[in-house]
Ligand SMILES: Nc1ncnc2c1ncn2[C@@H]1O[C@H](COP(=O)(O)OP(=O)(O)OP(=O)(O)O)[C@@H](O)[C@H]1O
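Presented as C-alpha cells, the chain that follows is alone, the form predicted on its own.
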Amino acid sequence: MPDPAVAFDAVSKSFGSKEVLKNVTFSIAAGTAFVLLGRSGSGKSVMLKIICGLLKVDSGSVAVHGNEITKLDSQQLAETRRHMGFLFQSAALFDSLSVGENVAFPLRRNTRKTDAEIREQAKDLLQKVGLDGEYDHAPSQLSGGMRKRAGLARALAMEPSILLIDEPSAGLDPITSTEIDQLLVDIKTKHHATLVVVTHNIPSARRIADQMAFLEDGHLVAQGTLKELEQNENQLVRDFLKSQQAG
C-alpha cells in the first residue's frame, strides 16, 4: 500500500496555556480531497500550517509522502514545500506585482526557466482558471472571486502534489463559490492532486470532499465520508452539517 499523502500520529500543539490540538491522529490518501470542519478556533488552520512546516508540533509526528517533516532540516523542508501549493483565505496576492507576475513568482524563484517560458506557463495557468487576458492587470482590479482564481493559479505553478486551501469560499457569492469548488475538483481529478481544505461552508464541503474530519476542542471527534458524518453518533457533528446546509 502506498504511503498516505499526509499522516498525523498523536499530534499535540499548544500556544502558551491553550492546547489547540490534542493527540490528533489521521491520514489522507493521495489523490483525495480531505475537508477539515469545525467551529472557529478549533485548530483547523493550525493543522494546515503544521503540514507545510510553518508550525512545529509539541509531540507526535507528521509525515508528508512518507517523510517525517519534524525531522527535516531547513533545506529538506524547503524541498518538501516545493511539492505543496497554498491557497490562502485572502488569496494573498502581491499588490506590487501584476496578476501574471504573481502567478509567475514561484517559477522565477524556484526554476531556471527563461522569461518567455515562465510568461507562457503563467498565461496558461491563468487560462485554466478562467482569467485569460488578466496577465497585466493589477490585483486591485480583480473581484474577490477573480483574486481567488489568481491565487489558485499561483498555487498550481510548481505542479504540487498537495494543495492546502484555507476557506476557499470566504467572501464569495454562492455562484462564484460553486465555480471555485468545481475548479478544485477538476484539479484533483486532472492532476491527481491531494486537497486539504479548511472550510465553514457546508455546501462547499459537500461538493469537494471525499473524506471529512471534524475538530472540536482540539480533538478529532469524527472522520469519514459525508454520509458517515451525517450519521455520526456525535450530535454536534450532525447539527453542524445540518445547520449550514444553505451556506
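All values reported here derive from a predicted model rather than from experimental measurement. Start at 1 with the first residue shown and count on from there.
If you look for the form predicted in complex with the ligand, you will not find it shown, but the lines that follow are about it.
| said: When the ligand is placed as it is in the model of the complex, are V20, S40 and V46 each within 4.5 Å of it, taking any non-hydrogen atom of the residue? | reply: The answer is yes; V20, S40 and V46 each reach the ligand.
| said: Only one of S98, S161, Q89, T176 gets a heavy atom within 4.5 Å of the ligand in the model of the complex. Which one? | reply: The residue in contact is Q89.
| message | Considering non-hydrogen atoms and a 4.5 Å limit, which listed residue (H65, K188, H200, R207) is close to the ligand in the model of the complex? | response | If I apply the 4.5 Å criterion carefully, the residue I get is H200.
| said: Partner absent here, but in the model of the complex, which of 32 to 40, 189 to 197, 218 to 226, 66 to 74 has residues with a heavy atom within 4.5 Å of the ligand? | reply: Heavy-atom contact with the partner occurs in 32 to 40.
| message | Heavy atom within 4.5 Å of the ligand in the model of the complex: which residues of 154 to 192 meet that condition, in order? | response | The stretch touches the partner through E167 alone.
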